[in-house]
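In C-alpha cells, one chain follows: the form predicted alone.
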Amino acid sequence: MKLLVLAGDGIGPEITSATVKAVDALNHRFNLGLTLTEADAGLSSHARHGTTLTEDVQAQVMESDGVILGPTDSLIYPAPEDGGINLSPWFRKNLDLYANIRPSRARPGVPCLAKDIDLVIARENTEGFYADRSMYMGSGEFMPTEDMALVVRKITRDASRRIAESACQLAMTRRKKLTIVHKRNVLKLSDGLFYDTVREVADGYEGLEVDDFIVDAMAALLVRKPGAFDVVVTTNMFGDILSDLAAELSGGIGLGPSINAGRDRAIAQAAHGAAPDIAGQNSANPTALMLSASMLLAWLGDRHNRTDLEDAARRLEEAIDAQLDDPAGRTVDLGGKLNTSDFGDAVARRISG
C-alpha cells in the first residue's frame, strides 16, 4: 500500500517529519507493508519548478492509496497562472474528497476549556461559499464594479446526500446522535435544500436521534454544553468555522486532526495552518497531523477490510494520548518541554515499546 507524503509549507516539514516517525514505527510493529514516498509540493516546489504542484507529483497522488499532507501557506501563493496551485482545493476537487471529517475531544491531562467535549464535525467539502468550488469554469467570486463584490453559493442535493450518508454512518458507530447545522431561516433555498436532504437520509437510519440548530446558536451551544453533541453535519464554510472552535475548546488548534475522504481516496491533513511565524524553530505541536495520519490508517483499514491498519490507527492514538498525559512530555504550547522532533521520537518509542 502506497502513501505519499507532502510536507507543505511553514511548520509543515517539521510536523510531517514527526508524523512519519510514528507511521514508520507502526509499519514496523504491525508489519503493515506500507511504502512511504516523500515528494515536494508548496512554496519549495514553486521555488524549484515554478509551480506548487508539478505534473509528476500529481501523477504520484493518483497512484497512491492515501496522502499525508502538511499545512500550506496558500495565502501567499502566487496566482494560479503563475504556478500557485492551492493544494487543498486541488485535492478536494480532483480526488472528489467530499467529506471533511474533524473530530474534537478532550484528551487525558491536556488543559482544555471543555472537559466533556467528544464530537465529530462532518463538513461537506466540495461546494458551498467556496469560490473555487462553485463554478464549472472560473471563480464563483466576482466584481461587477470596483465597488461591488459578489459570490455564488452552490448547494446540490447529491453533495448534501453523500455527506449526510457519511455523517449518519459515523453516528451509528458512536452515540447514534446527529445534529444538522444550517442557516435555513435566512438561506431558505440553499440551506433549506441541505437540511431537507440530510433529514431525508437520516430518516433511513433506525435508532438515530436527529436534531438541528441554526449556526450562530450552534456556536454558542458548543461553548455552553459541548458534551451534548456527537456527530455534527453541516455545509462547507460553517463546518470550517465550527471545527476550529471545537478544536480550541478541546485544547487548541494544534490538536485538531482531519481527513478529507472520497469514494476512492483520502488524505490526512491537520485542521490548522502553516504557522510561518514559528517555522524552522522545531517548536510546533505535531499532534494534529499525527492524529490525522491515524484517521487515514483507520479509513484505509475500513475500506480495504484490513484490521491491522485499524489496530495500528488505535495504537497511534493511544500512544499520543499517553504522551500528552505526561506533563513533561508535551510540546511547549501545552506547557511541556519537548520540541517537535523529540515529541515525534517519544510517540514512536511508545508505539514500538
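Numbers follow the displayed sequence, beginning with 1. Keep in mind it's a predicted model, so treat the numbers as computed, not measured.
There is also a form predicted together with adenosine-5'-triphosphate (ATP); it is not shown, and the following applies to it.
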Wondering, does R265 line up within 4.5 Å of adenosine-5'-triphosphate (ATP) in the predicted complex on heavy atoms?
-> no
Contact label in the predicted complex: A275 to adenosine-5'-triphosphate (ATP), heavy atom within 4.5 Å = yes
is_contact(T52, adenosine-5'-triphosphate (ATP)) in the predicted complex, heavy atom dist at most 4.5 Å | no
Using a 4.5 Å heavy atom cut-off, state whether D333 contacts adenosine-5'-triphosphate (ATP) in the predicted complex.
-> yes
Within 4.5 Å of adenosine-5'-triphosphate (ATP) in the predicted complex, all of I11, I253 and A284 (non-hydrogen atom) | yes
Note: exactly one of T72, S190, S166, S160 sits with a heavy atom within 4.5 Å of adenosine-5'-triphosphate (ATP) in the predicted complex, namely T72
Which single stretch, out of 58-66, 30-38, 315-323, 284-292, brings residue heavy atoms within 4.5 Å of adenosine-5'-triphosphate (ATP) in the predicted complex?
-> 284-292
